[in-house]
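Below you'll find only one chain, the form predicted alone, shown as structure tokens.
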């Protein structure tokens, strides 16, 4: 399956909508796009995983790397995910304690605006 990536601005936030499968083959494209956004000045990034069907450890590593890079730059990073199979991966790996996880883009932006985001 292919990976789809679409970016949009919502106020001060950059929302990256991800679709398809994020695995060892497609994760480099996700990493590239995240680095382009961060290096291009995005400091409040929300990654919407709502259309992701599969996420492996390579994809998780890309997300962790982006989180670290944004935090080092004084930015915020949040994930949107409401699919139980993906949420289970975050719980099993304890990454639900690392990433701010939200059910919707609006919820992620609202939490970040109140200081509840990462």
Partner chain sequence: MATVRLSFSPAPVHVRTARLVGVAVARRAGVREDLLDEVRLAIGEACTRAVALHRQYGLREPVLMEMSDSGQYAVRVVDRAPIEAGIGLAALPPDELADESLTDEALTTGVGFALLAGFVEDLQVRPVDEGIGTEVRMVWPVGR
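Residue numbers count along the first chain shown, from 1. All values reported here derive from a predicted model rather than from experimental measurement.
Unshown form predicted together with its partner chain; subsequent notes refer to it.
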Residue-level question: is residue 56 within 4.5 Å of its partner chain in the predicted bound form, judged on heavy atoms? yes
If we define contact as a non-hydrogen atom of the residue within 4.5 angstroms of the partner, is residue 40 a contact of its partner chain in the predicted bound form? no
Flag residue 49 as yes or no: does it have a non-hydrogen atom within 4.5 angstroms of any non-hydrogen atom of its partner chain in the predicted bound form? no
Answer for residue 21 alone: is it within 4.5 Å of its partner chain in the predicted bound form, judged on heavy atom distances? yes
Do all of 61, 68 and 89 end up near its partner chain in the predicted bound form, with near meaning a heavy atom within 4.5 Å? yes
Scan 69 to 100 and write down, in order along the chain, each residue with a heavy atom lying within 4.5 Å of its partner chain in the predicted bound form. 71, 85, 88, 89, 92, 93, 94, 95, 97, 98
